[in-house]
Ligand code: TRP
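The chain below stands alone and is given in structure tokens; this is the form predicted on its own.
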């Protein structure tokens, strides 16, 4: 049944399109500031080693499992699980993914709006002669608004919805094949400039020193969580994108290339940021402020800094946009395939849902505002959307995907599809993958979940 549907259903045109789209899903704003900082703070090269081990034991097994579920059915996250195990409750894993995508988009679209606004400001030259005081004031104005952050949130969601309304090939594939190579080019340009700054060695030392003494239990748990969250797992995106894969795609190779390339983007971003930050004596642990306050300040103080600042915020907007494409595609695919809504109408409906509820997150950032002062159990709307998705639904979704692939699916069915119907020689690789998926990944994801909700630390 699903083979006939696959011929009628739109999909990616090539392995290259699959790679760029999947990488675009994994690369997001966290790659630009959060991951490089965590690497530097937790032992540099030592943390990277642990992170790669966590990718092997958690990231790639779950990614490949999601690839299997999507490609073997050529359906959305809910429809795929309904087809594989009809009449059971496993479809709710897919619904969890749809809910996760919504919750993430409610607050992520807010931050992406800030990025778009900063790109606009950089193009206008608003950061010429900026000081730390004016940098903080500008960021406060962007966050407080209230009209400007809502306007830019609407613009971001509108751009994403327009791309997705165009379809899989004309929308997702065309944009990611264009933007992902451009992102790499822009990062490398920023890297070259950053490495020529006096004092750049201190930033490189921060990022790549190897210090196993900093590998605490908390650092290892951080690496474990990152290996899962950074690759867009447990939220239905990889399941949905893989439903558009070509039938000859080597899913193990795609998962490995995406994991390595995603990490490479993060490290290249770190090379662009931290030598620059250290050269000007800034604080590397500024969190999101590193993106919105420190970077405009340091770039404005170097030759051709205005051009580099535009390039930096353009690459950051690319990361935000491609990540959002995959997130919004999850409910669009579900709505168009399970509810019979046309793709364009589904794109409009989802854009409206994200904007209407996302405004709650945007207006709750300003703690002095009415919504900012309104909290539930100590959290505002922005923080609740983040907490429920990142700490509850994503690790729970990943855990159940591991159980589904390792214990519910038949081993021979999994192997048959992953070997492209027996055309790939993957016996040894599959046996290692299956052992990890069945016995290690669920335990590690349970630890991620317990750590996320604060039961273990």
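This one's a predicted model, so the numbers in the text were calculated from it and none came from an experiment. Numbering follows the first chain given and starts at 1. By rigid core we mean the largest C-alpha set that fits within 1.5 Å across both forms.
One more form of this protein should be noted, the form predicted together with ligand TRP, which is absent from this view; the next part is about it.
The stretch that touches ligand TRP in the model of the complex, counting heavy atoms within 4.5 Å, is 231 to 239, out of 231 to 239, 152 to 160, 348 to 356, 129 to 137.
For the options 323, 315, 273, 333, the one in contact with ligand TRP in the model of the complex, meaning a heavy atom within 4.5 Å, is 323.
Between the options 269, 258, 277, 327, the residue in contact with ligand TRP in the model of the complex by a heavy atom within 4.5 angstroms is 327. Ligand TRP is not drawn, but in the model of the complex it has no heavy atom within 4.5 Å of residue 54. Looking at residue 292, you'd find every heavy atom of it more than 4.5 angstroms from ligand TRP in the model of the complex.
The closest heavy atom approach of residue 31 to ligand TRP in the model of the complex falls within 4.5 Å. Although the partner is absent here, residue 441 lies well away from ligand TRP in the model of the complex, with no heavy atom inside 4.5 Å. For a residue to qualify, one of its non-hydrogen atoms must sit within 4.5 Å of ligand TRP in the model of the complex; all three of 104, 108 and 394 qualify.
Interface residues of 427 to 457, taken as those with a heavy atom within 4.5 Å of ligand TRP in the model of the complex (partner not displayed), are absent.
When the rigid core is held fixed, the Cα atom of residue 114 travels less than 2 angstroms between this form and the one not shown. Core-superposed comparison between this form and the one not shown: the CA of residue 227 exceeds or equals a 2 Å shift. Relative to the superposed rigid core, residue 180 undergoes a CA displacement of at least 2 Å between this form and the one not shown.
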